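There is one chain below, alone, in structure tokens, taken in the form predicted on its own.
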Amino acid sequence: MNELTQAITGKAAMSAVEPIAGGKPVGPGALVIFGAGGDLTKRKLIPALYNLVREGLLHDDFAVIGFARQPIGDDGYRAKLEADMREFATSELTPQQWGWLKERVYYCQADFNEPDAFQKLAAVLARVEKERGTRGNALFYLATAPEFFGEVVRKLSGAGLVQETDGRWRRIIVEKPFGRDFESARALNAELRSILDERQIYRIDHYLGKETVQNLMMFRFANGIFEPIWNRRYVDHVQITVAETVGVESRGDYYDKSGCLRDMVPNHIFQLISLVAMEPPISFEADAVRDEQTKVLRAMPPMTPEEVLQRTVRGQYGEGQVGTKEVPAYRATPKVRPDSRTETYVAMKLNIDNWRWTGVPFYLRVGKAMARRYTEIAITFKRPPYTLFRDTPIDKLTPNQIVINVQPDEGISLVFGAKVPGATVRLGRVQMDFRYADHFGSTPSTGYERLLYDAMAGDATLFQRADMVEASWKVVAPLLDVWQSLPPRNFPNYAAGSAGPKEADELLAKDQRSWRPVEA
């Protein structure tokens, strides 16, 4: 993985603020956002760009081009973004820094179904290159509905906008979901790669923009105390939990066609698993890291139909209370079918059949309308032999755990046993906590800053490669098939504001294990 200190070619930057210590701005270029009037743009992308401005990491020869249908022009789009930023910015808007970014914002009013839409975009890119010195470099962000990914890339190619000539670069960021199943993902990969080189395609997963996720490799491979025990000899099992307190809310139309499995598991969850379980790469170069991640995904054997029934759980929330808020049942959500069989919760037991992890179960669960919002990775180690303590009051040894808190409070905890002070031998559970905010201070972030920076810098380490996407879909394909052929009989099967369906607890109880508590 290239550090922010990597050398960037091109003339010296003149940013709105001085670069952060050790940081250098990316080189000249334009960011083109398809779907520029949407939620992702106003809530994440523009606030992330502003944070990069504050850190001095954007080149003076930089521009943003919004591509959307509304006839509002450059000034109208700038005014809209300014109003959005007053609501969604994660840091204080200052006249100097916001003014620096605002004057670099342009707008292309077009519908990409119009015959001349991409000629209009080509004209705006030429204007921006002349006015802003972007040198013809462009990063196209597809913040559109997934069914338009292939169409937009085809039309960009038809207008000559993805060809890399005269030393310029052209790259595409593709949002999730990348396909609905293995076949559609493979077809989309084939379509994109018939037009673009793999090095031009950046399949984004915003979970990998979180500091704790990026720190997984540093934590594992830069600390001699942890790497030697990170294997089947010492690890009993791994739990990964992604719990959300919100329900589906206004996303009913999309979510009822997708469901929790498609929405979360082949991308977010499997990315976390691959970083936890991968072998040390030969370097932090992008393909070296992704080679090892892909090996983990390929080492997950697809389940048989019988294993799907035994090792997976699906759930759908009914009405309940999350905190002080009453939450209606999923089936009462607007644009959701009243008899919907779509899952809002998934739990499963996965195996990784390689030398390091054979015999160590990976349990994962992800759900909506849960009791508490958090994401964590918990590594539970094997208990030592009890022999030494058989003649003491200690009847159970506390298993050691490393808990990696991904959100909302990013940090790492170490759980171990220690003697309780006193005349008798008693063992207490001790927890040592590291929090990013405590040690390094808090940095305003949307989770997209590092991803946008890396894509503009040409570093694909935190982006999925084609073979990673296809390997992930292969693992979940049997679940999709079985769940499609055998409709759930008991939906809804957990109340909003709970820890999920009881069947998920039974999944671990069969192995004499239990989930870490979810309660708020």
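These figures come from a predicted structure and were not determined experimentally. When you see a residue number, it is the position in the sequence shown, counting from 1.
Keep in mind the form predicted together with 6-O-phosphono-beta-D-glucopyranose (BG6) is missing from the figure; the text below concerns it.
K.L.:
Considering 6-O-phosphono-beta-D-glucopyranose (BG6) in the model of the complex, find the one stretch among 327-335, 188-196, 150-158, 261-269 with heavy atoms no farther than 4.5 Å from it.
P.N.:
Every other range fails; the passing one is 261-269.
K.L.:
Just one of Gln97, Thr90, Gln407, Asn215 has a heavy atom within 4.5 Å of 6-O-phosphono-beta-D-glucopyranose (BG6) in the model of the complex. Which one?
P.N.:
Filtering the options by heavy-atom distance leaves Gln407.
K.L.:
Counting any non-hydrogen atom inside 4.5 Å, which residue from Arg232, Lys295, Arg373, Arg135 sits next to 6-O-phosphono-beta-D-glucopyranose (BG6) in the model of the complex?
P.N.:
That would be Arg373.
K.L.:
With a 4.5 Å heavy atom cut-off, would you call Asp84 a contact of 6-O-phosphono-beta-D-glucopyranose (BG6) in the model of the complex?
P.N.:
Asp84: no, not in contact with 6-O-phosphono-beta-D-glucopyranose (BG6) in the model of the complex.
K.L.:
Verify the contact flag for Tyr207: yes if a non-hydrogen atom of it lies within 4.5 Å of a non-hydrogen atom of 6-O-phosphono-beta-D-glucopyranose (BG6) in the model of the complex, no if not.
P.N.:
So Tyr207 counts as contacting 6-O-phosphono-beta-D-glucopyranose (BG6).
K.L.:
When the contact criterion is heavy atoms within 4.5 Å, does Glu244 count as touching 6-O-phosphono-beta-D-glucopyranose (BG6) in the model of the complex?
P.N.:
Although 6-O-phosphono-beta-D-glucopyranose (BG6) is absent here, Glu244 would touch it in the model of the complex, with heavy atoms inside 4.5 Å.
K.L.:
Residue-level question: is Arg341 within 4.5 Å of 6-O-phosphono-beta-D-glucopyranose (BG6) in the model of the complex, judged on heavy atoms?
P.N.:
Heavy-atom contact with 6-O-phosphono-beta-D-glucopyranose (BG6) at 4.5 Å: absent for Arg341.
K.L.:
In the model of the complex, does each residue in the set Arg251, Tyr254 and Lys368 place a non-hydrogen atom within 4.5 angstroms of 6-O-phosphono-beta-D-glucopyranose (BG6)?
P.N.:
So, yes: the whole triplet contacts 6-O-phosphono-beta-D-glucopyranose (BG6).
K.L.:
Mind listing which residues of 166-182 have a heavy atom within 4.5 Å of 6-O-phosphono-beta-D-glucopyranose (BG6) in the model of the complex?
P.N.:
Going through 166-182 in order - heavy atoms within 4.5 Å of 6-O-phosphono-beta-D-glucopyranose (BG6) in the model of the complex - there is one hit, Lys176.
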